[in-house]
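Read the single chain below, which is given as structure tokens and is the form predicted on its own.
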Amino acid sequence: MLATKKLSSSLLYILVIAILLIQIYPVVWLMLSSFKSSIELTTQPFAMPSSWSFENYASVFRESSLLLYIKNTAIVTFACLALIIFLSATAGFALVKMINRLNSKLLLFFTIGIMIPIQVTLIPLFIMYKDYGLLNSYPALILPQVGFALPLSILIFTSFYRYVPGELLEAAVIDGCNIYQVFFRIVSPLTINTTITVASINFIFIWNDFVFSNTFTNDKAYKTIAVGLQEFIGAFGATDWGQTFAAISISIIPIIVTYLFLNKYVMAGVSDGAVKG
């Protein structure tokens, strides 16, 4: 029996390691390829770089507008995160802790938003933005991201707020706190893990967004990094793969860093919303 358990554990570890290698390999290959010349990429695509050259990275910053695209992406991403966290946290608190007979219907209304495909809204939003002169602007990229992120974000916050003791809020009110003080001084500090969870999930989606940026902007001044990577495709589909891989490597660094450093907080936030106490 003991030998069987050890064999099962060993097989499980091997399976986990195999899955991990499959997941990591494309990222490692991408990073290694970014240090190769175009000729080496063609002749030895899966070999280690014969010489570690940073020319691809230097060319990316020298010849492209990657820094502009990173700046635009950062502006859109952090503006979206600020709005998403504030709106979803306050809406979730109101829906769970402020007694109103419409709360359940409003929560259902927000939840239905998860089922709406982004693609069916592109043409109506494009016409609306064109009429209001919002095309090729930051609001054209920020507003739809916030709108589509709110349903899931509100659902995550409401799952956590349900386990915040009502007695804690009542004690704060008895001590003289108004509703805003209760939220910002008592409840908000308790939602750190949940807030980080919401921020991390939406950060990855917003940073990688291609659909909204490609639809609502054609001005280089407002392009984000996902759309800007098309700049490395030349005439007739000719592509400098060395520079392309270097640009992609730079673009995914924030995502990797976010995942590595905030992963434990995300797990804790999910647990806070799922298990009482």
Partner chain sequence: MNVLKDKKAWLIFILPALIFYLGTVFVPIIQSLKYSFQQWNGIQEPAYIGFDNYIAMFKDSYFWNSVQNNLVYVVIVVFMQVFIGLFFALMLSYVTKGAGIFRTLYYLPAVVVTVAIAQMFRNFYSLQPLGLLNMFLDWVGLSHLQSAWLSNPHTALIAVSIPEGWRFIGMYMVIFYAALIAIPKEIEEAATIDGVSGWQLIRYIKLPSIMHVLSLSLIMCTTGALRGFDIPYIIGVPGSATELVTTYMYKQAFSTIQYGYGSSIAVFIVIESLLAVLLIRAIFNSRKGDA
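C-alpha atoms forming the largest set that superposes within 1.5 Å between two forms make up the rigid core. Bear in mind the structure is a predicted one, so any value in this text is a computation, not a measurement. Numbering follows the first chain given and starts at 1.
Although it is not shown, the form predicted together with the partner chain is what the next lines describe.
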Worksheet item: Any chance Y57 has a heavy atom within 4.5 Å of the partner chain in the model of the complex?
Response: no
Worksheet item: Would S53 count as a contact of the partner chain in the model of the complex, using a 4.5 angstroms cut-off between non-hydrogen atoms?
Response: no
Discussion item. Is it the case that I250, even though its partner is missing from this view, gets within 4.5 Å of the partner chain in the model of the complex, heavy atoms only?
Written reply: no
Worksheet item: Just to confirm, P45 within 4.5 Å of the partner chain in the model of the complex by heavy atoms?
Response: yes
Worksheet item: So which bits of 12 to 51 sit within 4.5 Å of the partner chain in the model of the complex, heavy atoms only?
Response: L12, Y13, L15, V16, I17, I19, L20, I22, Q23, I24, Y25, P26, V27, W29, L30, T42, T43, P45, F46
Discussion item. Following rigid core alignment, is the displacement of the T215 C-alpha between the shown form and the other one equal to or greater than 2 angstroms?
Written reply: no
Worksheet entry | Post core alignment: I252 C-alpha displaced by 2 Å or more between the shown form and the other one | yes
Fill in: Flag for I70, CA shift 2 Å or larger between the shown form and the other one after aligning core
no
